[in-house]
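In structure tokens, one chain follows: the form predicted on its own.
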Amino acid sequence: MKKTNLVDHGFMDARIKLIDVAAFLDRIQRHEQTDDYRFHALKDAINELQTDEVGRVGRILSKLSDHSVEPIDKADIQGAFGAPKPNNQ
């Protein structure tokens, strides 16, 4: 049985996603919406891609997850924001 070349198998898909993220960040900057905490959370998470340590996906998921343990009194919306809000918001 032939061993699958993972680069051949996944490179184009990863390339497309990376270009899509770059385009998203460019749009945010062009429209001067860089003060949004999610923009900063995404950029911080992207830094993990530059590391050579295995476990990037776990560290990125952790950076983009809400780690609070106390329940809130009432939900204002039915959904998620995709990144934890800073404590002062």
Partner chain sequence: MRYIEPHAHMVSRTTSDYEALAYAGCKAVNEPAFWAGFDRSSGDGFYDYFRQITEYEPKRAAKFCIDHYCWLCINPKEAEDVGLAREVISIIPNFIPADNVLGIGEIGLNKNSKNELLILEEHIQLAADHDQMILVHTPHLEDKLKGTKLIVDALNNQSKIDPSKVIIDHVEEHTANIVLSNGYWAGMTLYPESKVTHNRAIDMLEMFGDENVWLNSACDWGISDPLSVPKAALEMRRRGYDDEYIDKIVYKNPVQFMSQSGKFKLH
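Between two forms, the rigid core is the largest collection of C-alphas that superpose within 1.5 Å. Positions refer to the first chain, counted from 1. Since this is a predicted model, take the numbers as computed values, not measurements.
In what follows, reference is made to the form predicted in complex with its partner chain, a form of this protein that is not presented.
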* Mind checking whether each of Ile46, Gln50 and Asn87 has a heavy atom within 4.5 Å of its partner chain in the predicted complex? -> no
* Asked: Any of the heavy atoms of Arg15 lying within 4.5 Å of its partner chain in the predicted complex?
  -> no
* **Ala23: touches its partner chain in the predicted complex, heavy atom cutoff 4.5 angstroms** => no
* Does Ile28 reach its partner chain in the predicted complex, with heavy atoms at most 4.5 Å apart? -> no
* Distance check, Leu6 to its partner chain in the predicted complex, heavy atom within 4.5 Å -> yes
* Residues within stretch 59-74 having a non-hydrogen atom within 4.5 Å of its partner chain in the predicted complex -> Leu61, Ser62, Leu64, Ser65, Asp66, His67, Ser68, Val69, Glu70, Pro71, Ile72, Asp73, Lys74
* Asked: For Gly10, is the C-alpha shift between this form and the one not shown 2 Å or more after core superposition?
  -> no
* To do: Spell out whether the Cα of Ala23 moves at least 2 Å between this form and the one not shown when the two forms are superposed on their rigid core.
  => no
